[in-house]
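The chain below stands alone and is given as structure tokens, in the form predicted on its own.
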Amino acid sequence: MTIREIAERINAVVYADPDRLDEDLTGAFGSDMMSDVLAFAENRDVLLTGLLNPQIVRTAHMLDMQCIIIVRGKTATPEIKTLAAQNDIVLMETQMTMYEASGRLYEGGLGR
């Protein structure tokens, strides 16, 4: 599923270089606990979280994740947006809950 398709499927606002929108991503992991992400996320390109601190970007970067989706209508701080851009990580925000966003992405073929 491309980054553009992900954003459309979950009605997300995207903060990224437009040239990246057609990149294919294959898997996702959702958690608000970065320790769980570090321990259990394997070969995942997308992180879904409601956590709003710079650790989400640092964790995603350590695991070579390409995209972070902030759920539950939360808005990323300027620090998070800057850090994501510096690490070449696509950042999205959606009004959906983690459960709904995860379900829509799975239904669309992400992670199968």
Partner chain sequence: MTGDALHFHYDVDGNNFTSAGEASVQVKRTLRQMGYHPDLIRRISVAMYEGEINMVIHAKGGDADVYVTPDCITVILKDVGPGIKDINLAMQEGYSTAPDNIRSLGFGAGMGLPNMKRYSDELKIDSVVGVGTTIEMKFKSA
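Numbering follows the first chain given and starts at 1. Note that the coordinates shown come from a computational prediction; the quantities given were computed from them, not determined experimentally.
One more form of this protein should be noted, the form predicted in complex with its partner chain, which is absent from this view; the next part is about it.
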| task | Please check if T26 has a heavy atom lying within 4.5 Å of any heavy atom of its partner chain in the model of the complex. | result | no
| message | Just checking whether G73 would be counted as a contact of its partner chain in the model of the complex - the rule being heavy atoms within 4.5 angstroms. | response | no
| field | Heavy atom of N43 within 4.5 Å of its partner chain in the model of the complex | value | yes
| request: Indicate whether its partner chain has at least one heavy atom within 4.5 Å of a heavy atom of T77 in the model of the complex. | output: no
| task | May I ask whether A16, L21 and L47 each come within 4.5 Å of its partner chain in the model of the complex, counting any non-hydrogen atom? | result | no
| message | Do any residues of 41 to 56 have a non-hydrogen atom within 4.5 angstroms of its partner chain in the model of the complex? If so, which ones, in sequence order? | response | E42, N43, L51, N53, P54, Q55
